[in-house]
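We begin with a single chain expressed as structure tokens, specifically the form predicted on its own.
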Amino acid sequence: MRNAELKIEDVAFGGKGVARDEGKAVFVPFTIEHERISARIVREKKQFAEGELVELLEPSPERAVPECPYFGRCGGCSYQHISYAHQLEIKARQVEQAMRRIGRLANPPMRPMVPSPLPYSYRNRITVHAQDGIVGFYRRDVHQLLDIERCPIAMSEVSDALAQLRARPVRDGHYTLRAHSGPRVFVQTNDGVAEALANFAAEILTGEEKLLIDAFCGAGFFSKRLAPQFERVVGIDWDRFAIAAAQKDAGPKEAYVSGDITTELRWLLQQSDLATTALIVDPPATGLSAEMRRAILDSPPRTMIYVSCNPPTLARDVAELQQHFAVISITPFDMFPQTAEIEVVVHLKSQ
């Protein structure tokens, strides 16, 4: 290991500051662009190196005091050392960079980042782990538990549930603590931003679409909110428990299908009047499979809304979808303040 004096040039997707030393990129967590630092180089590869912050020689004016006593040791948050306004700037820039570099868009049609109403105390659920009497999260870069009494980014109801869990003998395992009762299926973790996301999707739709296909629909987050705008709504998900939850209070316009999402989507698109069809996809971080991208390109609907929690895989998919779609807008949403995660909505229109 060696020490180096570095100037941070940028913050990469994932949250680490980027500097250059001896001709290679050096990634240093908990740093901000334009800072001059002393770092210990802890890992060197052919193309890049990784460092740990030793001393701030010239700190950024955007530095903030973290509200969490575990910050830097816990593996959850990456940005608590950065002012919230600047976190938004960094994330918006990262989305635009991914769309230029991977998405092959010369001038990405970016819309302003939608902030979270609450920079802290926003998570409606957390999953903690218990082992040998320790209850908490895994440490940064190490598969070792860190004992956590309170998580500042969790809602107060979740923190209360954590305190109740810790107050009794706990068996080894994983525990998901929730602020809301209801089916144990996927829901967005930030209530305020989730509502803004749904409202934004409703605004995008022109009113000329009659059928909404909601792929990766879960318990019907989008389809139930948007059903009044359509003659018919079909939700598709592989999770039969989520589909059962969606079917439980489904209205007369709604239908929900459990099965292989690509197979069901391909069939639905082939049977539909594509000129009056809207499609929402909200896939996991891996993005759309090559087979699903092909199914969409073979039968492109009039309007497509792509919701993503992973800008690089989103940009990869958008690059291919441009064969039959124009990219109308790209809007980042800060679903996960204090972390490096970013939610993005891309509005596409068939051409």
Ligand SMILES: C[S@@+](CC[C@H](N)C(=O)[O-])C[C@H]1O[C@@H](n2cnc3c(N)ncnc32)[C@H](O)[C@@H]1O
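Heads up: residue numbers just count along the shown sequence, starting at 1. Owing to the predicted nature of the structure, the values given are computational and were not obtained by experimental measurement.
Although it is not shown, the form predicted in complex with the named molecule is what the next lines describe.
**Q** With the partner removed from view, which of 130-138, 111-119, 230-238, 88-96 is the stretch that lies within 4.5 Å of the named molecule in the predicted bound form, judged by heavy atom distances?
**A** Looking at the partner contacts, the answer comes out as 230-238.
**Q** Would you classify Asp282 as touching the named molecule in the predicted bound form, given a 4.5 Å non-hydrogen atom cut-off?
**A** Yes, Asp282 sits close enough to the named molecule in the predicted bound form that at least one of its heavy atoms falls within 4.5 Å.
**Q** Does the 4.5 Å heavy atom contact test between Met292 and the named molecule in the predicted bound form come out positive?
**A** Judged by the heavy-atom cut-off of 4.5 Å, Met292 is in contact with the named molecule in the predicted bound form.
**Q** Could you confirm whether Gly218 comes within 4.5 Å of the named molecule in the predicted bound form, counting heavy atoms only?
**A** Taking the distances in the predicted bound form, the answer for Gly218 is yes, it comes within 4.5 Å of the named molecule.
**Q** Is Phe222 one of the residues lying within 4.5 Å of the named molecule in the predicted bound form, judged by heavy atom distances?
**A** Yes.
**Q** Would you mind picking the one in Glu149, Asp172, Asp160, Asp260 that has a heavy atom within 4.5 Å of the named molecule in the predicted bound form?
**A** Residue within 4.5 Å of the partner: Asp260.
**Q** Find the only residue in Ser272, Gln188, Ser83, Gln247 having a heavy atom within 4.5 Å of the named molecule in the predicted bound form.
**A** Going through each option in turn, the one that passes is Gln188.
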